[in-house]
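Okay, so here's just one chain, in C-alpha coordinates, the form predicted alone.
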Amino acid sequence: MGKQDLPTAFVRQMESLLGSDTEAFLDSYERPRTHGLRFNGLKLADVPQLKEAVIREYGLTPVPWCSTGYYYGENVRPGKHPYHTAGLYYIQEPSAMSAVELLDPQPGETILDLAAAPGGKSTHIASKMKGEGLLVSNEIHPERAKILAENIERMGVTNAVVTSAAPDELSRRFPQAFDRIMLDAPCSGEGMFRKDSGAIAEWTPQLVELCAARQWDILQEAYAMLKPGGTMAYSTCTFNRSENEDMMERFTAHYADMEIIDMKRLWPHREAGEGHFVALLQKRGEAGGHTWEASPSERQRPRKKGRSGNGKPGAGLQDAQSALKVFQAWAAEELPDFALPAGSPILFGESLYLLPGGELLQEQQLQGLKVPRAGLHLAHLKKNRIEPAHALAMALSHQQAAKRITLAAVDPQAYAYLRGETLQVDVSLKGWVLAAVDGLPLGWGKASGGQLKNHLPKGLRQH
(Lines give C-alpha, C1' and ligand atoms only; values in the text may rest on other atoms or scores of the structure.)
Protein backbone atom coordinates (compact mmCIF):
# COMPACT_ATOMS: atom_id res chain seq x y z
CA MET A 1 0.00 0.00 0.00
CA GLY A 2 0.97 3.66 -0.30
CA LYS A 3 -0.23 6.97 1.12
CA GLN A 4 -2.67 7.30 -1.78
CA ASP A 5 -4.65 4.42 -0.23
CA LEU A 6 -5.29 6.24 3.06
CA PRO A 7 -8.84 7.49 3.82
CA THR A 8 -9.26 11.23 3.25
CA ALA A 9 -10.75 11.72 6.72
CA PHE A 10 -7.70 10.00 8.25
CA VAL A 11 -5.32 12.28 6.36
CA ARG A 12 -7.25 15.37 7.56
CA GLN A 13 -7.13 14.01 11.13
CA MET A 14 -3.34 13.60 10.93
CA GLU A 15 -2.91 17.09 9.46
CA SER A 16 -4.68 18.58 12.48
CA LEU A 17 -2.59 16.42 14.80
CA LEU A 18 0.87 16.77 13.21
CA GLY A 19 0.79 20.03 11.28
CA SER A 20 4.04 20.52 9.33
CA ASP A 21 5.11 16.99 10.22
CA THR A 22 2.21 15.43 8.30
CA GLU A 23 4.05 14.92 5.02
CA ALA A 24 6.89 13.03 6.70
CA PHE A 25 4.30 10.87 8.46
CA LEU A 26 2.44 10.11 5.22
CA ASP A 27 5.70 9.31 3.43
CA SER A 28 6.30 6.52 5.97
CA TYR A 29 3.53 4.57 4.21
CA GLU A 30 5.77 4.32 1.14
CA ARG A 31 8.34 2.33 3.14
CA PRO A 32 8.17 -1.36 4.14
CA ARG A 33 6.79 -2.11 7.58
CA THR A 34 9.09 -3.08 10.43
CA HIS A 35 9.54 -6.59 11.83
CA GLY A 36 10.73 -7.55 15.28
CA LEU A 37 11.25 -10.31 17.78
CA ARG A 38 11.74 -10.27 21.54
CA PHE A 39 13.91 -12.81 23.33
CA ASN A 40 12.31 -14.75 26.18
CA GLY A 41 14.25 -14.37 29.42
CA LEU A 42 12.57 -17.48 30.84
CA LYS A 43 14.38 -19.59 28.23
CA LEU A 44 17.60 -17.63 27.75
CA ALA A 45 18.79 -18.38 31.28
CA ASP A 46 19.39 -22.01 30.25
CA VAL A 47 20.85 -21.40 26.79
CA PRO A 48 22.39 -17.90 26.76
CA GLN A 49 24.67 -18.80 23.84
CA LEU A 50 21.69 -19.20 21.50
CA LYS A 51 20.89 -15.49 21.58
CA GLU A 52 24.10 -14.53 19.80
CA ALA A 53 23.61 -17.39 17.35
CA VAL A 54 20.15 -16.08 16.38
CA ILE A 55 21.42 -12.49 16.15
CA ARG A 56 24.13 -13.60 13.72
CA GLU A 57 21.89 -15.92 11.70
CA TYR A 58 19.20 -13.31 11.07
CA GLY A 59 21.31 -10.14 11.14
CA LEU A 60 19.29 -8.72 14.04
CA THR A 61 19.70 -5.13 15.22
CA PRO A 62 18.59 -3.80 18.64
CA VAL A 63 15.26 -2.08 19.32
CA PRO A 64 16.27 1.08 21.27
CA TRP A 65 13.42 1.01 23.81
CA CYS A 66 13.53 -2.71 24.66
CA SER A 67 16.72 -4.47 25.79
CA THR A 68 15.44 -7.88 24.63
CA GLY A 69 13.91 -6.60 21.35
CA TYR A 70 15.49 -6.82 17.91
CA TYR A 71 14.61 -5.90 14.33
CA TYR A 72 14.87 -8.40 11.53
CA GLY A 73 14.65 -7.94 7.76
CA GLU A 74 11.54 -8.65 5.76
CA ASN A 75 13.27 -11.42 3.79
CA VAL A 76 14.02 -13.68 6.79
CA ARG A 77 11.56 -15.98 8.58
CA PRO A 78 12.51 -16.53 12.25
CA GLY A 79 8.97 -17.75 12.90
CA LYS A 80 9.74 -20.91 10.89
CA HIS A 81 12.76 -21.85 13.04
CA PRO A 82 12.54 -24.59 15.72
CA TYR A 83 13.77 -22.02 18.26
CA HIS A 84 10.51 -20.11 17.77
CA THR A 85 8.47 -23.26 18.43
CA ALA A 86 10.62 -23.83 21.53
CA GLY A 87 9.76 -20.36 22.87
CA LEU A 88 13.21 -18.77 22.65
CA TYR A 89 11.65 -15.63 21.19
CA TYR A 90 8.29 -14.06 20.39
CA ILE A 91 7.56 -12.35 17.06
CA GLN A 92 6.34 -8.87 18.00
CA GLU A 93 6.00 -5.50 16.31
CA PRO A 94 8.82 -3.33 17.75
CA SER A 95 6.68 -0.33 18.79
CA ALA A 96 4.42 -2.61 20.84
CA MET A 97 7.38 -3.58 23.05
CA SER A 98 7.35 -0.08 24.55
CA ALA A 99 4.23 -0.61 26.67
CA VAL A 100 5.52 -3.32 29.02
CA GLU A 101 8.89 -1.57 29.25
CA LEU A 102 7.08 1.49 30.62
CA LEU A 103 4.89 -0.62 32.94
CA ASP A 104 8.07 -2.19 34.40
CA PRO A 105 6.65 -5.38 36.02
CA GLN A 106 8.61 -6.89 38.91
CA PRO A 107 8.99 -10.47 40.18
CA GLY A 108 6.53 -11.38 42.93
CA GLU A 109 3.82 -8.89 41.95
CA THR A 110 0.17 -9.53 41.12
CA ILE A 111 -0.41 -8.33 37.55
CA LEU A 112 -3.36 -8.25 35.15
CA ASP A 113 -3.19 -8.08 31.37
CA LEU A 114 -6.79 -7.15 30.67
CA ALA A 115 -7.00 -7.47 26.86
CA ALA A 116 -4.14 -9.86 26.32
CA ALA A 117 -4.45 -11.81 23.03
CA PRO A 118 -2.46 -12.87 21.16
CA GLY A 119 0.04 -12.67 24.02
CA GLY A 120 2.88 -10.32 23.11
CA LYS A 121 2.51 -8.15 26.18
CA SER A 122 1.61 -11.03 28.53
CA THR A 123 4.70 -13.02 27.58
CA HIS A 124 6.80 -9.85 27.90
CA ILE A 125 5.38 -9.29 31.41
CA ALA A 126 5.98 -12.94 32.33
CA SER A 127 9.59 -12.75 31.17
CA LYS A 128 10.16 -9.82 33.53
CA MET A 129 8.37 -11.57 36.42
CA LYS A 130 10.84 -14.51 36.24
CA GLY A 131 8.24 -17.03 37.37
CA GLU A 132 7.48 -15.22 40.64
CA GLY A 133 4.08 -13.74 41.52
CA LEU A 134 0.77 -14.03 39.65
CA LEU A 135 -0.14 -12.97 36.14
CA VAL A 136 -3.80 -13.03 35.08
CA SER A 137 -4.04 -12.79 31.28
CA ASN A 138 -7.55 -12.13 30.04
CA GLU A 139 -9.10 -12.18 26.59
CA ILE A 140 -12.86 -11.84 26.14
CA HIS A 141 -13.02 -13.64 22.75
CA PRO A 142 -12.78 -17.44 23.25
CA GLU A 143 -10.86 -18.25 20.06
CA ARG A 144 -8.32 -15.50 20.71
CA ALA A 145 -8.07 -16.64 24.35
CA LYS A 146 -7.07 -20.09 23.08
CA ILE A 147 -4.25 -18.57 21.01
CA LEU A 148 -3.20 -16.53 24.05
CA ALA A 149 -3.02 -19.70 26.17
CA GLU A 150 -0.96 -21.47 23.51
CA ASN A 151 1.56 -18.63 23.35
CA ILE A 152 1.90 -18.49 27.13
CA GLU A 153 2.47 -22.26 27.10
CA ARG A 154 5.03 -22.05 24.29
CA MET A 155 7.06 -19.47 26.20
CA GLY A 156 7.27 -21.70 29.28
CA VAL A 157 5.31 -19.42 31.62
CA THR A 158 4.43 -21.14 34.91
CA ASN A 159 2.74 -18.36 36.91
CA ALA A 160 -0.05 -17.25 34.54
CA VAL A 161 -3.78 -17.95 34.58
CA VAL A 162 -5.63 -17.32 31.30
CA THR A 163 -9.25 -16.22 31.62
CA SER A 164 -11.84 -15.43 28.96
CA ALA A 165 -14.18 -12.92 30.58
CA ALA A 166 -15.75 -9.52 30.16
CA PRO A 167 -13.91 -6.85 32.20
CA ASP A 168 -16.88 -6.38 34.55
CA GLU A 169 -16.88 -10.12 35.34
CA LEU A 170 -13.28 -9.81 36.47
CA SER A 171 -13.74 -6.60 38.45
CA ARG A 172 -16.45 -8.24 40.57
CA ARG A 173 -14.00 -10.98 41.52
CA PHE A 174 -10.81 -8.94 41.82
CA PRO A 175 -11.56 -5.57 43.47
CA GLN A 176 -8.35 -3.61 44.15
CA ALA A 177 -6.35 -6.82 43.63
CA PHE A 178 -3.53 -5.93 41.22
CA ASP A 179 -0.20 -4.17 41.69
CA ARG A 180 0.02 -3.44 37.97
CA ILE A 181 -2.44 -3.60 35.11
CA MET A 182 -1.65 -3.68 31.40
CA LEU A 183 -4.53 -2.43 29.26
CA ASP A 184 -3.67 -2.67 25.59
CA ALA A 185 -7.04 -1.31 24.65
CA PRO A 186 -9.05 -2.46 21.61
CA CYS A 187 -8.61 0.47 19.23
CA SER A 188 -9.21 1.72 15.69
CA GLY A 189 -5.84 0.30 14.61
CA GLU A 190 -4.39 3.24 12.70
CA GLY A 191 -0.91 1.90 13.48
CA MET A 192 -1.82 -1.33 11.66
CA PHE A 193 -2.30 0.27 8.23
CA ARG A 194 1.13 -0.71 6.85
CA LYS A 195 0.71 -4.23 8.18
CA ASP A 196 -2.94 -4.89 7.36
CA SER A 197 -4.82 -3.37 4.44
CA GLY A 198 -8.03 -4.62 6.03
CA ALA A 199 -7.53 -2.10 8.85
CA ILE A 200 -7.68 0.69 6.26
CA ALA A 201 -10.93 -0.63 4.81
CA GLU A 202 -12.53 -0.80 8.27
CA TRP A 203 -11.42 2.65 9.46
CA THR A 204 -13.95 5.47 9.73
CA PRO A 205 -14.32 8.44 12.10
CA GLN A 206 -17.32 6.57 13.54
CA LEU A 207 -15.06 3.60 14.36
CA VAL A 208 -12.80 5.95 16.34
CA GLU A 209 -15.83 7.14 18.36
CA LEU A 210 -17.00 3.57 18.92
CA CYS A 211 -13.56 2.46 20.12
CA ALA A 212 -13.25 5.44 22.46
CA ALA A 213 -16.60 4.57 24.06
CA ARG A 214 -15.50 0.95 24.53
CA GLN A 215 -12.15 2.03 25.98
CA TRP A 216 -13.90 4.25 28.52
CA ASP A 217 -16.00 1.32 29.73
CA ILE A 218 -12.97 -0.97 30.05
CA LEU A 219 -10.90 1.69 31.84
CA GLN A 220 -13.51 1.99 34.57
CA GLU A 221 -13.33 -1.75 35.26
CA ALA A 222 -9.53 -1.60 35.24
CA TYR A 223 -9.64 1.21 37.78
CA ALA A 224 -11.75 -0.95 40.11
CA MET A 225 -9.14 -3.74 39.99
CA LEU A 226 -6.06 -1.58 40.60
CA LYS A 227 -4.66 -1.45 44.14
CA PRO A 228 -4.09 1.93 45.81
CA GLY A 229 -0.49 2.73 44.99
CA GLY A 230 -0.65 0.49 41.92
CA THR A 231 0.28 1.43 38.37
CA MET A 232 -1.48 0.92 35.06
CA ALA A 233 -0.18 1.14 31.51
CA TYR A 234 -2.79 2.13 28.92
CA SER A 235 -1.70 1.59 25.33
CA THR A 236 -3.09 1.64 21.81
CA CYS A 237 -1.73 1.11 18.30
CA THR A 238 -3.64 4.10 16.98
CA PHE A 239 -2.78 7.77 16.45
CA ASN A 240 -5.84 9.98 17.07
CA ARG A 241 -6.12 11.97 20.30
CA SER A 242 -9.64 10.72 21.08
CA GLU A 243 -8.37 7.25 21.96
CA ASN A 244 -5.11 8.47 23.51
CA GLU A 245 -4.42 11.81 25.22
CA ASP A 246 -8.06 12.86 25.35
CA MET A 247 -8.98 9.51 26.89
CA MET A 248 -6.30 9.88 29.55
CA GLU A 249 -7.42 13.42 30.35
CA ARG A 250 -11.02 12.26 30.70
CA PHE A 251 -9.97 9.31 32.87
CA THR A 252 -7.85 11.33 35.30
CA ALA A 253 -10.51 14.06 35.49
CA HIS A 254 -13.12 11.45 36.42
CA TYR A 255 -10.93 9.64 38.96
CA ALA A 256 -9.18 12.21 41.11
CA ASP A 257 -6.82 9.62 42.61
CA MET A 258 -5.41 8.63 39.19
CA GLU A 259 -2.31 10.48 38.06
CA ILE A 260 -0.45 10.36 34.74
CA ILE A 261 3.20 9.50 35.47
CA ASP A 262 4.45 9.32 31.90
CA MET A 263 3.08 9.39 28.37
CA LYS A 264 4.91 8.36 25.22
CA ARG A 265 4.24 8.14 21.52
CA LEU A 266 6.25 6.27 18.93
CA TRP A 267 5.68 7.60 15.41
CA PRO A 268 6.46 5.58 12.25
CA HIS A 269 8.17 8.58 10.61
CA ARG A 270 10.42 9.22 13.62
CA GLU A 271 11.22 5.72 14.86
CA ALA A 272 11.60 2.31 13.24
CA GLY A 273 8.19 0.94 14.15
CA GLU A 274 4.52 1.02 13.20
CA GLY A 275 3.62 3.47 15.97
CA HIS A 276 2.28 3.13 19.50
CA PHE A 277 0.82 5.21 22.32
CA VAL A 278 1.37 4.33 25.98
CA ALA A 279 0.51 6.18 29.18
CA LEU A 280 1.62 5.14 32.66
CA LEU A 281 -0.80 6.01 35.45
CA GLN A 282 -0.72 5.55 39.21
CA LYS A 283 -3.56 5.27 41.68
CA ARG A 284 -2.72 7.47 44.65
CA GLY A 285 -3.01 5.88 48.07
CA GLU A 286 -0.96 3.60 50.23
CA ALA A 287 0.45 0.61 48.41
CA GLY A 288 0.14 -2.65 50.24
CA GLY A 289 -1.30 -6.13 50.29
CA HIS A 290 -4.96 -6.72 49.58
CA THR A 291 -6.72 -9.87 50.60
CA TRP A 292 -9.36 -10.75 48.06
CA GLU A 293 -12.90 -10.91 49.32
CA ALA A 294 -15.99 -11.44 47.22
CA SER A 295 -18.34 -8.51 46.97
CA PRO A 296 -21.82 -9.04 48.48
CA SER A 297 -23.36 -9.52 45.03
CA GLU A 298 -20.67 -12.04 44.11
CA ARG A 299 -21.18 -14.00 47.32
CA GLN A 300 -24.92 -14.24 46.63
CA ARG A 301 -24.62 -15.22 42.99
CA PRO A 302 -25.13 -18.95 42.31
CA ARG A 303 -21.82 -20.34 41.15
CA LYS A 304 -21.17 -22.41 38.08
CA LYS A 305 -18.13 -24.55 37.79
CA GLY A 306 -15.18 -23.05 35.95
CA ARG A 307 -13.80 -24.57 32.78
CA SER A 308 -10.25 -25.18 31.68
CA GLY A 309 -9.57 -26.55 28.24
CA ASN A 310 -12.25 -29.12 27.42
CA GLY A 311 -12.36 -30.78 30.83
CA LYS A 312 -15.16 -30.91 33.36
CA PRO A 313 -14.19 -30.23 36.98
CA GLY A 314 -14.14 -33.00 39.49
CA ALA A 315 -13.77 -36.01 37.17
CA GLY A 316 -10.84 -38.45 37.39
CA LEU A 317 -9.04 -38.89 40.70
CA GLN A 318 -10.76 -38.22 43.98
CA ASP A 319 -9.24 -34.85 44.65
CA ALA A 320 -6.51 -32.51 43.54
CA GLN A 321 -4.20 -33.25 46.45
CA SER A 322 -4.18 -37.00 45.78
CA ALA A 323 -3.63 -36.28 42.07
CA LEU A 324 -0.67 -34.09 42.96
CA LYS A 325 0.85 -36.88 45.05
CA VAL A 326 0.60 -39.26 42.11
CA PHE A 327 2.30 -36.65 39.91
CA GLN A 328 5.03 -35.98 42.48
CA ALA A 329 5.81 -39.69 42.73
CA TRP A 330 6.15 -39.82 38.94
CA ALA A 331 8.25 -36.64 38.85
CA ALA A 332 10.62 -37.91 41.54
CA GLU A 333 11.79 -40.56 39.07
CA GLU A 334 11.30 -38.83 35.72
CA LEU A 335 12.21 -35.23 36.66
CA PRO A 336 14.75 -35.60 39.48
CA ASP A 337 15.92 -31.95 39.35
CA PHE A 338 12.46 -30.41 38.95
CA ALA A 339 10.94 -28.40 41.79
CA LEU A 340 7.26 -27.51 41.62
CA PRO A 341 6.63 -23.77 41.40
CA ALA A 342 4.54 -22.13 44.12
CA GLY A 343 0.84 -22.88 43.76
CA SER A 344 -2.02 -25.16 44.66
CA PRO A 345 -3.27 -28.18 42.69
CA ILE A 346 -6.54 -27.95 40.80
CA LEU A 347 -8.30 -30.65 38.76
CA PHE A 348 -10.29 -30.19 35.56
CA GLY A 349 -11.50 -33.61 34.54
CA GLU A 350 -8.37 -35.72 34.15
CA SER A 351 -6.13 -32.67 33.84
CA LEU A 352 -4.01 -31.57 36.79
CA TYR A 353 -2.99 -27.92 36.96
CA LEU A 354 -0.88 -25.96 39.42
CA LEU A 355 -2.79 -22.76 40.22
CA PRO A 356 -0.34 -19.92 41.00
CA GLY A 357 -0.89 -17.03 43.36
CA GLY A 358 -1.17 -18.59 46.82
CA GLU A 359 -3.53 -16.48 48.93
CA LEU A 360 -3.86 -14.00 46.08
CA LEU A 361 -5.88 -16.41 43.95
CA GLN A 362 -8.31 -19.02 45.19
CA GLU A 363 -10.09 -21.65 43.11
CA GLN A 364 -13.46 -20.11 44.03
CA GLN A 365 -12.56 -16.92 42.18
CA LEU A 366 -12.41 -18.88 38.93
CA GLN A 367 -15.77 -20.57 39.37
CA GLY A 368 -18.19 -19.37 36.72
CA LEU A 369 -15.38 -18.11 34.49
CA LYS A 370 -14.06 -19.62 31.29
CA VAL A 371 -10.48 -20.54 32.13
CA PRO A 372 -8.51 -21.79 29.10
CA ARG A 373 -5.43 -22.22 31.31
CA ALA A 374 -5.64 -22.49 35.11
CA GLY A 375 -1.92 -22.05 35.70
CA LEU A 376 0.68 -24.65 34.77
CA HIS A 377 -0.77 -27.78 33.21
CA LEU A 378 1.19 -30.63 34.81
CA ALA A 379 -0.37 -33.84 33.55
CA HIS A 380 -3.30 -35.92 32.42
CA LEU A 381 -4.11 -38.62 34.96
CA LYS A 382 -5.79 -41.80 33.81
CA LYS A 383 -6.38 -44.50 36.46
CA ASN A 384 -3.30 -43.30 38.39
CA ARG A 385 -1.25 -43.36 35.18
CA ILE A 386 0.62 -40.16 34.38
CA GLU A 387 0.75 -38.62 30.93
CA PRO A 388 2.87 -35.46 31.26
CA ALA A 389 1.37 -32.33 29.72
CA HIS A 390 2.97 -30.46 26.83
CA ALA A 391 2.96 -27.30 28.97
CA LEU A 392 5.13 -29.07 31.54
CA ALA A 393 7.70 -29.92 28.85
CA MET A 394 7.83 -26.28 27.77
CA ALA A 395 8.32 -25.11 31.36
CA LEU A 396 11.27 -27.43 32.03
CA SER A 397 14.97 -27.05 31.57
CA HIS A 398 16.22 -29.84 29.34
CA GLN A 399 18.57 -31.06 32.09
CA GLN A 400 15.67 -31.64 34.49
CA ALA A 401 14.45 -34.71 32.62
CA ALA A 402 15.93 -38.10 33.48
CA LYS A 403 15.46 -39.25 29.87
CA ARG A 404 16.04 -36.78 27.07
CA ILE A 405 17.24 -36.41 23.51
CA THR A 406 18.81 -33.30 22.04
CA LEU A 407 18.50 -32.53 18.35
CA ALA A 408 20.45 -29.86 16.55
CA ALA A 409 18.46 -27.12 14.83
CA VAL A 410 20.07 -28.11 11.52
CA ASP A 411 19.15 -31.79 12.02
CA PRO A 412 16.25 -32.96 9.81
CA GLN A 413 15.12 -35.00 12.83
CA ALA A 414 14.19 -31.76 14.64
CA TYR A 415 11.79 -30.88 11.83
CA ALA A 416 10.56 -34.48 11.71
CA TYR A 417 9.65 -34.22 15.41
CA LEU A 418 7.81 -30.93 14.79
CA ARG A 419 5.82 -32.63 12.03
CA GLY A 420 4.69 -35.25 14.56
CA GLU A 421 6.73 -38.10 13.11
CA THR A 422 8.10 -41.11 15.01
CA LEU A 423 11.87 -40.92 15.58
CA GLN A 424 14.48 -43.67 15.80
CA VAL A 425 16.24 -43.68 19.18
CA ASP A 426 18.57 -45.91 21.18
CA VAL A 427 16.87 -49.21 21.98
CA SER A 428 17.78 -48.81 25.66
CA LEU A 429 15.59 -45.70 25.95
CA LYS A 430 12.20 -46.50 27.45
CA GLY A 431 9.27 -44.44 28.75
CA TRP A 432 8.70 -40.70 28.66
CA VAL A 433 11.47 -38.77 26.94
CA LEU A 434 11.88 -34.99 26.68
CA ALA A 435 12.79 -33.96 23.12
CA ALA A 436 14.76 -30.74 22.71
CA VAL A 437 16.48 -28.65 20.07
CA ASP A 438 19.91 -27.36 21.13
CA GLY A 439 18.84 -27.63 24.78
CA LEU A 440 15.40 -26.04 24.33
CA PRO A 441 12.48 -28.42 25.10
CA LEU A 442 10.07 -29.07 22.22
CA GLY A 443 7.77 -31.65 23.80
CA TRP A 444 7.41 -35.28 24.89
CA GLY A 445 7.83 -38.59 23.21
CA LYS A 446 7.40 -42.13 24.53
CA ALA A 447 10.22 -44.54 23.76
CA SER A 448 9.88 -48.27 23.21
CA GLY A 449 11.77 -50.77 21.05
CA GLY A 450 14.08 -48.15 19.53
CA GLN A 451 11.27 -45.84 18.47
CA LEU A 452 10.08 -42.57 19.98
CA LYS A 453 6.33 -42.18 19.56
CA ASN A 454 5.63 -38.49 19.09
CA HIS A 455 3.41 -36.79 21.70
CA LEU A 456 3.56 -33.25 20.31
CA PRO A 457 -0.08 -32.04 20.37
CA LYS A 458 -1.66 -32.46 16.93
CA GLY A 459 -2.69 -28.81 16.78
CA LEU A 460 0.95 -27.70 17.13
CA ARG A 461 2.41 -29.96 14.46
CA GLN A 462 3.96 -28.31 11.41
CA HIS A 463 3.18 -29.29 7.84
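In this text, residue numbers run from 1 along the sequence as written. Computed from a predicted model, the values in this text were never measured in an experiment.
Although it is not shown, the form predicted together with a small molecule is what the next lines describe.
- The shortest heavy atom separation between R214 and the small molecule in the predicted complex is within 4.5 Å.
- The small molecule in the predicted complex is not approached by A199, whose heavy atoms all lie more than 4.5 angstroms from it.
- The small molecule is not drawn, but in the predicted complex it has a heavy atom within 4.5 Å of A116.
- The small molecule in the predicted complex comes within 4.5 Å of a heavy atom belonging to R144.
- In summary, the region of this chain contacting the small molecule in the predicted complex, judged by heavy atoms within 4.5 Å and restricted to 170-178, 183-191, 261-269, 248-256, corresponds to 183-191.
- With the partner omitted from this view, the residue of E139, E153, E274, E243 that lies near the small molecule in the predicted complex is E139 [heavy atom within 4.5 Å].
- Exactly one listed residue, out of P345, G120, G357, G349, brings a non-hydrogen atom to within 4.5 Å of the small molecule in the predicted complex: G120.
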